[in-house]
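What follows is one chain in structure tokens, specifically the form predicted alone.
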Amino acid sequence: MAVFMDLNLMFSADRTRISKLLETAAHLGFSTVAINYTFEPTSLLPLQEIPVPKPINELIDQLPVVQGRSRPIRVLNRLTVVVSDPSHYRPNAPEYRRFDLLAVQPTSEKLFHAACMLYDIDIICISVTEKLPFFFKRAPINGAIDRGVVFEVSYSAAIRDSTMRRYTIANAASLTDSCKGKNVILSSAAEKALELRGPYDITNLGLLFGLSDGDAKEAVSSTCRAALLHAETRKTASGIVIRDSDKNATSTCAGDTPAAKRVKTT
């Protein structure tokens, strides 16, 4: 039996709204969801603080049980950085490690290329609220796929507005044509419970976006699971690098010169 996931429920400080989102997601059959905190740095406030995820017990008193399963819904935290300048993505920022998933939404072709090839992230968000200012190219997309990064298309904007519906379909179709339907996840980006749709409805949307039937089903299940595994690996590797760096710094301070340059005595 497939395990369905929605890795993009928009954070709200309103406990009632978050509770209804989680209850509806569980009722629709989603086993795992991610509360998405959006961070959009600006040139006017370059030192904006990255948000801190709230503990789940501060958002909801009791997790709802997933429809058709005997266990409560699993809730993760996710950070999405809207990148309009290279400085907006901060590699090795300790604040990023507070989140289970790390995503970026690039606003230019140059930044999209960097996100695909360089950024240590899990998800690249495709804008669905406006016409993309660039065309997708196969080379960076293939690079992202090789690195295990997934592309996200969200559908709630298409529910809210007819103009955004056209942008969503056009941008999603352009992406799926370039990536051949691989490494694509479909998420809601829902702000209200009424904007959520069930896994099979989302699969039908995937067909409209240009995904095959198999890829559309994977976009709400196994590809989401791959993104979670990628995130776990990324965080583990990052921790190892940080600890190794600390060890190297300690060993360097132990003597006047680095260990590799010390003269051995006989």
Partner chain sequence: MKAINKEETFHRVVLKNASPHHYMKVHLELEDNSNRLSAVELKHFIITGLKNLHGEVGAALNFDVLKYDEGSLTALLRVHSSGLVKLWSSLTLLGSYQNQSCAFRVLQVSPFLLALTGNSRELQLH
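Numbering follows the first chain given and starts at 1. None of these values were measured; they are calculated from a predicted model.
A second form of this protein, the form predicted together with its partner chain, is not displayed here; the remarks below concern that form.
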- Message: Given a 4.5 Å cut-off on heavy atoms, tell me which of 93-101, 185-193, 172-180, 124-132 is the interface stretch with its partner chain in the model of the complex.
- Response: 185-193
- Message: Since only the chain is shown here, I'm wondering whether V52 would be in contact with its partner chain in the model of the complex (any heavy atom pair within 4.5 Å).
- Response: no
- Item | Close approach of L229 to its partner chain in the model of the complex, 4.5 Å, heavy atom | no
- Partner proximity in the model of the complex: I159 to its partner chain, non-hydrogen atom cutoff 4.5 Å: yes
- Query: Quick one: does L208 come within 4.5 Å of its partner chain in the model of the complex, counting heavy atoms only?
  - Reply: yes
- Contact check for V81, Q105 and K217 against its partner chain in the model of the complex, heavy atom at 4.5 Å: no
- Query: Pick from N204, T236, T42, Q62: which has a non-hydrogen atom within 4.5 Å of its partner chain in the model of the complex?
  - Reply: N204
- Can you name the residues of 117-152 that have a non-hydrogen atom within 4.5 angstroms of its partner chain in the model of the complex? none
